[in-house]
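Taking the form predicted on its own, here's one chain by itself in structure tokens.
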Amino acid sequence: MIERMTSMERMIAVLTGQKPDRIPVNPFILGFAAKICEIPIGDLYANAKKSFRAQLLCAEMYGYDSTPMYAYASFGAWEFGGEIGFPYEPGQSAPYIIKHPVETPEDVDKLEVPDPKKAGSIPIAMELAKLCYENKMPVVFQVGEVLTTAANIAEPARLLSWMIRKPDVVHKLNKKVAEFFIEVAKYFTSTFGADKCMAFTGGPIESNKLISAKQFEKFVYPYMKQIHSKVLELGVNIILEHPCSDQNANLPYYVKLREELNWKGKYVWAFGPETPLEKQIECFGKYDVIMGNVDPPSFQFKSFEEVLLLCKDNIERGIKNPSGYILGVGCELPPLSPPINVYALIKAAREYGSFK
């Protein structure tokens, strides 16, 4: 097909309820961009300029529609005074935690909410955000989820144990994390303007493989609503929400969130492949964009032909969403994926997702 829109025009069309020339593609690429551009994956997270360049060049080469961003799953430990390592060794694909800042309930009492201007990775994220702003791209900042961040601060097994044995300690930590995220949102929106920003939130500890829906209601939902309410109040109109892994039992609470927010703002839902597109459309399709969730490991371990068929199937199901659809991957695309398999995304979008 002959593309009639730029990537930016295509994304804007979907996010504003218009019909693009073809469905946009957001492959959730981070570490893979470093591999393609032949820089260490560690540089993608430690060096804003190299990260921006690698992500931009990778998008240009493949023709997909997402823009550079800074985010990683272990966020929170470094920001609250712990220590992380950058992925420079073989087999490492993202920052990892070396030392958690919280080991005891007393540590939670002593924990201070950090200044976002100096906290951990935020200065790196801000430098990359400035490059996006200078190049007239959206600024994406990370504000959650609270429980995943609290687990990074306190260590996941310890936090999950405290949820049963010391729930008040978990709530105390969650309140400090929520306060920090609100300060991060204020920092980015005051720097660039809320209309130039997009919030990114999501995490795996909220998965029903680790917690129940009742625990989600108690330990996640109140803080998620607090943060999202504030982000929207600040004037940010788009939230990219990534409920990682199996969160099917949590779906009623995500729907409740949108209802209690009066469906304010535009959400882009990026559930893991465990949540069928049909169910997402049923829950959110009247108002929100669905970002299609092709199985991430398939890009590394299956053939090009198999991945192309997975993308085609995702398009045929997701394109039915009345409020817009973006072809995407159910979590970060594996950095070790064969380069040809990533091309399957854009090839499928052009062949099966075009609009006349």
Partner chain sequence: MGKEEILKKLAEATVLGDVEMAVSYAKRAIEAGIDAYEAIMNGCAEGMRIVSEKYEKGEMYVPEILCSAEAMYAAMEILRPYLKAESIGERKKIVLGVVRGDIHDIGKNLVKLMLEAAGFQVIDLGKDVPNEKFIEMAIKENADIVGLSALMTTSMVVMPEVIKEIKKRNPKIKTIVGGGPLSPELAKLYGADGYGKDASEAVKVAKSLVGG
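What you see is a predicted model; the values in this text were computed from it and never measured. Positions refer to the first chain, counted from 1.
Below, we refer to the form predicted together with the partner chain, which is not included among the displayed structures.
S.K.: I'd like to know whether P138 contacts the partner chain in the predicted complex, with contact meaning heavy atoms within 4.5 angstroms.
M.R.: Although the partner chain is absent here, P138 would stay clear of it in the predicted complex, with no heavy atoms inside 4.5 Å.
S.K.: Can you work out whether K186 and the partner chain are in contact in the predicted complex, taking contact to mean some heavy atom pair no more than 4.5 Å apart?
M.R.: Looking in the predicted complex, residue contacts with the partner chain do not include K186, since no heavy atom lies within 4.5 Å.
S.K.: For L128, is any heavy atom within 4.5 Å of the partner chain in the predicted complex, or not?
M.R.: No, no contact at 4.5 Å.
S.K.: Even though the partner isn't displayed, in the predicted complex is M198 close enough to the partner chain, meaning a heavy atom within 4.5 Å?
M.R.: It does not: once the partner chain is placed as it appears in the predicted complex, M198 has no heavy atom within 4.5 Å of it.
S.K.: Specify the contacting stretch among 297 to 305, 283 to 291, 319 to 327, 52 to 60, defined as having any heavy atom within 4.5 Å of the partner chain in the predicted complex.
M.R.: Within 4.5 Å of the partner lies stretch 297 to 305.
S.K.: Identify, from the list S229, T191, N248, S161, the residue with a heavy atom within 4.5 Å of the partner chain in the predicted complex.
M.R.: Exactly one residue meets the criterion: S161.
S.K.: Heavy atom within 4.5 Å of the partner chain in the predicted complex: which of S121, S74, T275, N174?
M.R.: Result of the distance check: S74.
S.K.: Would you give me the residues of 234 to 272 that have any heavy atom within 4.5 Å of the partner chain in the predicted complex, in order from first to last?
M.R.: Residues within 4.5 Å: none.
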